[in-house]
Each structure stands twice: as structure tokens, then as C-alpha cells.
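First comes one chain, alone, set out as C-alpha cells in the form predicted alone.
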């Protein structure tokens, strides 16, 4: 391992639901992304401006992101290469997202998270390939949260267990991973922010409009998913996380929620199921999917 951990106890400063539709990067027209847009999805992009202000205020040492689109079938993987560069392309929307990334990984903390996960009985390992192409979910969330790319990150894969095991078994795995993540952060002495990179309702349209950024075409794909989005957001705003986790399987099944991949249970367990109110920065749809940008600010 590299440098020794700091002597003070680390802590989780905040957690964010930070969804990753690549359309948001496309709408922003950053220099790293090759396609050029005329805007679009402003409500969600403005919501991320509030997240950026929070990150600037919190000044974390590291950002940890769990992405549904880095899928690993065997175990939970952590980025384990200090410096990664390349081009991340959305396989469904390559016309919108071809992003040249350049990021720094906190390998020491990644190794500690992996070790804690292994100690908790989870199959876990480090990703050591220096030519690894980071997935668009990780890249989109990190860009929208901190476009300066000046804070080291820890990237965590989505183990495919929710689709191979019963949902309650996979949730239990993600909760153990969250606790392991919290323990590693505490021992590291670092100030960390967690990012759950997922949408909520995830039924989407099958045909893209001629002009993707035409917001007159944007609305919820179905009413049932939208109602679930409103219900769970209200529960989060009321601090009812433990109650929400009790109905988690129903939420996932009836709204096809992307939280099934584990990012949300991971973050909630790491934050010990916060009973204080989450702050909603914004809600909107992208190709019909429901996306909430939300913040849980831990007590000082």
C-alpha cells in the first residue's frame, strides 16, 4: 500500500443520489464530450449546480461512486489504478456521449474498502488494468458532481447478484458492502462523499426523438413509475429510510427502479440509514425515466 493512513478518524460528510443519464453531460456541452447539443434537461442540470456548491462547501478528500453500469458478475470490484484516461462511450447513446476522461483514483482507500469487504465475507477484488475504460455511469455522475475532476475518486462496480439471486439476498450483500465502506473510510482518516449513481423509475421510451434535446418530448414513461418516484422522494424528505427499505422490493418491482443494482442500499447502509430529512435538489425525467438529485448532509 502507498502512504500510511492519517491518525484522525475519517467520516462520511454527505451522500447524494446522483443519477447518470448521459443526456445531462450532452446538454451541458463540456469540452471532454464530442457531441454538441442545444441544451436540454435544464431542471436536472440546474439541480446538479446545487450539488456542486455543496461539494465546494464540504471540501471532501475523496468521492466514492457506485455505478450500475460497471457490471461484474463475480464479486464487488474497486478501481485500483492511480491514474486512468481514455474515452467512455455510452453503448445505447453513442450519438450523445463520447467522453474523454482523465481521473485520479484514491488507490489506498480503494484497497482498504476491498479488504474490509473481504473481511465481511464478500467476494471482492481490485481492478488493476491500466487500460480499463471507465463506464459512462461513473463518468457522468462524477462530471455532473465535480466537473473540475480535481478530487480523487473510488469507483465501485455493481455486482450482478440482484439479477442472479433473490432481491433480499442482494440487498443484504449491498448493505454489508456499505458497512465495509464506512469502516474503511473511518480508519482512513479521510473526509468522504458517497455518490449513488442511479435513476429511480426506469421504464423508458424505445424511440429517440429526432432532436434528442427537444424537451417538448420529455415526460414520465408511465404514471405508475412517476407515482413511485413521488412516494419515495417524499419518504426520503421525511427521513423515513428504514421504512423505505422495508418496501424496497415492491418499489423495485413496480417501478423497475434502477436502485435494484445496489447503489442506493450501499449508500444508505454506509450512512447508517439516516433518519434526518434529505434535501431534494431537483427531479426530472430523461427518456421517460425518473431522476432525483438528492442530498443527505451528515451532522458536523
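Positions refer to the first chain, counted from 1. All figures in this text were calculated on a predicted structure; none of them were measured in a lab.
Here the subject shifts to the form predicted together with (3E)-3-iminooxepin-2(3H)-one, a form of this protein not shown in this document.
- Although the partner is absent from this view, residue 14 stays clear of (3E)-3-iminooxepin-2(3H)-one in the predicted complex, with no non-hydrogen atom inside 4.5 angstroms.
- Interface residue remark: residue 284 is not counted as part of the site for (3E)-3-iminooxepin-2(3H)-one in the predicted complex, having no heavy atom within 4.5 Å.
- In the predicted complex, (3E)-3-iminooxepin-2(3H)-one lies farther than 4.5 Å from every heavy atom of residue 77.
- For residue 202, a non-hydrogen atom is located within 4.5 Å of (3E)-3-iminooxepin-2(3H)-one in the predicted complex, even though that partner is not displayed.
- Of the stretches 51 to 59, 22 to 30, 232 to 240, 264 to 272, only 22 to 30 has residues with a heavy atom within 4.5 Å of (3E)-3-iminooxepin-2(3H)-one in the predicted complex.
- Contact annotation: of the candidates 101, 226, 93, 132, the single residue with a non-hydrogen atom within 4.5 angstroms of (3E)-3-iminooxepin-2(3H)-one in the predicted complex is 93.
- Along 246 to 260, a non-hydrogen atom within 4.5 Å of (3E)-3-iminooxepin-2(3H)-one in the predicted complex is carried only by 258.
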